[in-house]
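Take a look at this single chain, the form predicted on its own, given in structure tokens.
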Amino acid sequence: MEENYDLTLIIHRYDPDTKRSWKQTYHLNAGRILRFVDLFRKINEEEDPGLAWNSSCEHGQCGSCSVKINGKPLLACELLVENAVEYFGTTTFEIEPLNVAPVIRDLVTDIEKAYKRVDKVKPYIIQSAPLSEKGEAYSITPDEMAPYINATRCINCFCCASACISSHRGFLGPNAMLASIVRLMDPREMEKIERLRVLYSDQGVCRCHSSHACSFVCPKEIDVAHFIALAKEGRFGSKSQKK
């Protein structure tokens, strides 16, 4: 096992002032357990302080560091150098921003615009079931939670939306569909009709081509395609209720 690797990073750059786009190559010698966010930071500190990229928690929970590496959407804070070399079989990596929203600068996208698609499904409880007479917090039993607990792990990193072959053609996107499905499965949610109307709209699950790319790239290992397939089968309510 190599302790250090000589890496070549080909990074897509964009300058909003000049509207210029280009690819810039960086050569780094990096330790095997460095993450790609560490490589970006290394470039900033040693070669190019102007390279713009995004991150926040750097623990795989916020999704802000999502980029495409050799064509695959990934969390830059989770990918180690040694794992990347093994997975892609190369020490050369082309890195570009996700194609889910306009690029602000270099690897930074206007994620607020991507979130507009998620906002359309109202990813929160619209009408909650009443609390108990004692006024205690609403509780959910393990049996009620089990069917959909995996889906609640979504962090809206938009990796699935970037990989999806449908989400750039009028589809709200797999993560938006998952957000809606989670609330439909939530026993606290009383407003089902409005959710079904969006789920089965012309921007809903009918746009999904079942490529399973969403499940393939999900950093949380959620089988997003499975939940969307259940929605296509009408498992979360009658499609006629959307009217």
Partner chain sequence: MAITDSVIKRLEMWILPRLAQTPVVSIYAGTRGWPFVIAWIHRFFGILLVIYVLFHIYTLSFLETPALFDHKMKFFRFFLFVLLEWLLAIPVIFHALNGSRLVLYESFGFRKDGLMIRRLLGISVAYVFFLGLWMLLGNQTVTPLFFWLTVSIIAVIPVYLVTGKIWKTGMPVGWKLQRITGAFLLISIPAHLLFMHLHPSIGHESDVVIQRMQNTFIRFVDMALVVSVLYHGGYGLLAIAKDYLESKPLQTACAAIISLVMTVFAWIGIRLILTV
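Computed from a prediction, not measured in an experiment: that's the story for all the values here. Positions refer to the first chain, counted from 1.
What comes next is about the form predicted together with its partner chain, which is not displayed.
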- request: Kindly confirm or deny that Leu7, Lys23 and Thr90 each have some heavy atom within 4.5 angstroms of its partner chain in the model of the complex.
  value: no
- request: Report whether the minimum heavy atom distance between His212 and its partner chain in the model of the complex is within 4.5 Å.
  value: yes
- request: With heavy atoms only and a cut-off of 4.5 Å, decide whether Ala225 touches its partner chain in the model of the complex.
  value: yes
query: Taking 4.5 angstroms as the cut-off for heavy atoms, does His12 touch its partner chain in the model of the complex?
result: no
query: Quick one: does Val67 come within 4.5 Å of its partner chain in the model of the complex, counting heavy atoms only?
result: no
message: Can you list, in sequence order, the residues from 173-209 that come within 4.5 Å of its partner chain in the model of the complex, counting heavy atoms only?
response: Tyr200, Asp202, Val205, Cys206, Arg207, Cys208, His209
query: Shorter or longer C-alpha distance for Ser167 and Val182 in the model of the complex, given it differs from this form by 3 Å or more?
result: farther
- request: Tell me whether Lys113 and Arg169 end up closer or farther apart in the model of the complex, going by their C-alpha atoms; the shift is 3 Å or more.
  value: closer
